[in-house]
Ligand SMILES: Nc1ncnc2c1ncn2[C@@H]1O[C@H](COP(=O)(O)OP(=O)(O)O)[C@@H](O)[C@H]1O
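The data below hold one chain only, encoded as structure tokens and taken in the form predicted on its own.
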Amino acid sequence: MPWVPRVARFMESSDMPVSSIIIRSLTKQYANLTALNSFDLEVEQGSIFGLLGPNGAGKTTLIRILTTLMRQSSGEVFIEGLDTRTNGLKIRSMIGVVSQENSLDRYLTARENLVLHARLHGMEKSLYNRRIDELLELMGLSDRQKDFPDTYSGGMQRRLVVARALVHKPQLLFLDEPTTGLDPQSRRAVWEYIRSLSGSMTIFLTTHYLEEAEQLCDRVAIMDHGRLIALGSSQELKDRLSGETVYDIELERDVEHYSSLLGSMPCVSNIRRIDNKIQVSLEHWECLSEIVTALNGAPIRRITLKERTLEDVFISLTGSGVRG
């Protein structure tokens, strides 16, 4: 019996989640380089999904295959139940893409760029004009809509690229590092809009801002060397991170003295001094009582547990070295 895409099987039962993206044993080979190595993944419909990985992990290759810009060497990919190898035109009509490059037409105004995109997707003028007005307002570009992209700052161009991808209200939105170059206010505005789309649109996000993935994504995948190495919610990934417990100890004075004192204790595996704060790594959280005893009489302002972050998980899985 031939393999049936799981999305089709899920459609038969309304109480089962539907997969918007299904990837099975996906491999992409470039001569002697394996960019994707038997990669498996499913993304639930209506979710915000984050993909993380260091430079060279295979993220861009994966995005290009998912958006039908590249063919795999082997394996299968289904977008909304459609095989990317045989349904490229249909899939492209269903998706929106924000690539890493600001691929805007420099000879068209901002509004004309959006109009062109809407017409390429067969939208009626009465519909796309209203939609474009909404997006220009959201991205803070209404006052500059008649200007050419070359007159925009990098951040403004980025906002226009995001708006363009949303004009035709895609079922599946691919965001490849969408907030690179944005100021904090613009980034927050994009975040809020992405959150508002949750449930009505599947969003596939790649980012180097780990806080962005932690804030926005229902599930996060971490890949390296073309393979999936971790998958789950941000909290699930952080819960799996074993190892030391880290505390920040903030003092009013005598930081050097107490730093030396704590550094000599057997239960302290690592210690860092940051201004008037001492950061200690303990082999077990029970060691905290020994630390408190040693600090008896010290001018302590506060002792706080350092919460694990998605960055801690990422570094623990992919290493701290800079990639080429």
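Bear in mind the structure is a predicted one, so any value in this text is a computation, not a measurement. Residue numbers here begin at 1 and follow the sequence given.
We do not show the form predicted in complex with the ligand, though everything after this point is about it.
Taking Asn37, Thr60, Gln45, Thr68 one by one, only a single residue has any non-hydrogen atom within 4.5 Å of the ligand in the predicted complex, and it is Thr60.
The stretch that touches the ligand in the predicted complex, counting heavy atoms within 4.5 Å, is 29-37, out of 290-298, 251-259, 29-37, 275-283. Of the heavy atoms in Ser264, none are within 4.5 Å of the ligand in the predicted complex.
Among heavy atoms of Asn270, none comes within 4.5 Å of the ligand in the predicted complex.
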